[in-house]
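We begin with a single chain expressed as structure tokens, specifically the form predicted alone.
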Amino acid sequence: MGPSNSNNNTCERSCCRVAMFSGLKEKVGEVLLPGDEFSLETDDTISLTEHVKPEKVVCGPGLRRSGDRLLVCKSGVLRHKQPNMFWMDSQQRRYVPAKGETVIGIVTVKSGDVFKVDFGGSEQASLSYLAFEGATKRNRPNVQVGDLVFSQFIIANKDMEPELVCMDSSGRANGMGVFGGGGLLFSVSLGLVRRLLSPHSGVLSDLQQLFPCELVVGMNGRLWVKSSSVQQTLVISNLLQSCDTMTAQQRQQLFRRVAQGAL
């Protein structure tokens, strides 16, 4: 009886995962609200003796697992990426720091061995002067109040002060550090940031064909752009801010009008 019961329980859990996975896929593209949930309850039509390959659901931003339930904790449109990743696509602008994410910050305070950096969150993050490539007690980095820094979170939880570094795990800057001479800093929604950072971003490809430029994207919703002229830089920032609420077709029409000189 023992082995038989164990096999039935394993198969039942597998069927539950499949039921949740299919239920999520049916809701892809629909608007969901906080409090919506998907349970692991199955239909009577699913056979518990039939072998079913379990599907592990990977929760992205806006979704949270709680026991046998999957809860929606952020309003937006449910998105899906093969094979089994789901997340909520929203126009949220409030950034909550997460370990490993890269952000654009502004140095606000320089006190002793630590800089305070404003990254747009509920509190400021600390950045040690030793958290730069090649920095030592004798060779300190040249960082002034008001400088922009592209940095990465190494500590980000609700019980501790956020901490940033400007180098990777091997001690290399890898594109991080002080930057921003002659460019323009502005803010967009976190949803647009994820679209810009996707491997095959249609927004970026269309923009690069229109205006070649330097672009730094922070996961905190801040963008820094620099082009060949001030006028082009302002046009690019206006285009990117307009893309926040546009569909792909509307964006392409806007970019064509700009290319033809209609705007």
Partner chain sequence: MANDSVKLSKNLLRMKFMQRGLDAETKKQLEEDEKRIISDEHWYLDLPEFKAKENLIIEEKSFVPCEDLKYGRISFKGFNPEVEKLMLLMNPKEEEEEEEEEVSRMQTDVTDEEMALRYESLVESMKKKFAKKRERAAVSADVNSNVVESDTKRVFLKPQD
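Take the two forms, find the largest set of C-alpha atoms that superpose within 1.5 Å, and that set is the rigid core. Please read these numbers as outputs of a predicted model, since none were measured by experiment. Positions refer to the first chain, counted from 1.
Form predicted together with its partner chain: not shown, discussed below.
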With a cut-off of 4.5 Å between heavy atoms, is residue 220 one of the residues that contacts its partner chain in the model of the complex?
no
Partner contact for residue 137 in the model of the complex: its partner chain, 4.5 angstroms, heavy atom:
no
If you check in the model of the complex, is residue 153 within 4.5 Å of its partner chain, heavy atoms only?
no
Can any non-hydrogen atom of residue 99 be found within 4.5 angstroms of its partner chain in the model of the complex?
yes
Contact segment among 84 to 92, 122 to 130, 139 to 147, 108 to 116, judged by heavy atoms lying within 4.5 Å of its partner chain in the model of the complex
84 to 92
Judged by heavy atoms and a 4.5 Å cut-off, are 72, 76 and 238 together in contact with its partner chain in the model of the complex?
no
Looking at its partner chain in the model of the complex, which residues in 217 to 256 have at least one heavy atom within 4.5 Å of it?
217, 219, 226, 227, 228
So with the core overlaid, does the Cα of residue 62 end up 2 Å or more away between the shown form and the other one?
yes
If I superpose the two forms on their rigid core, does the C-alpha of residue 88 end up displaced by 2 Å or more between the shown form and the other one?
yes
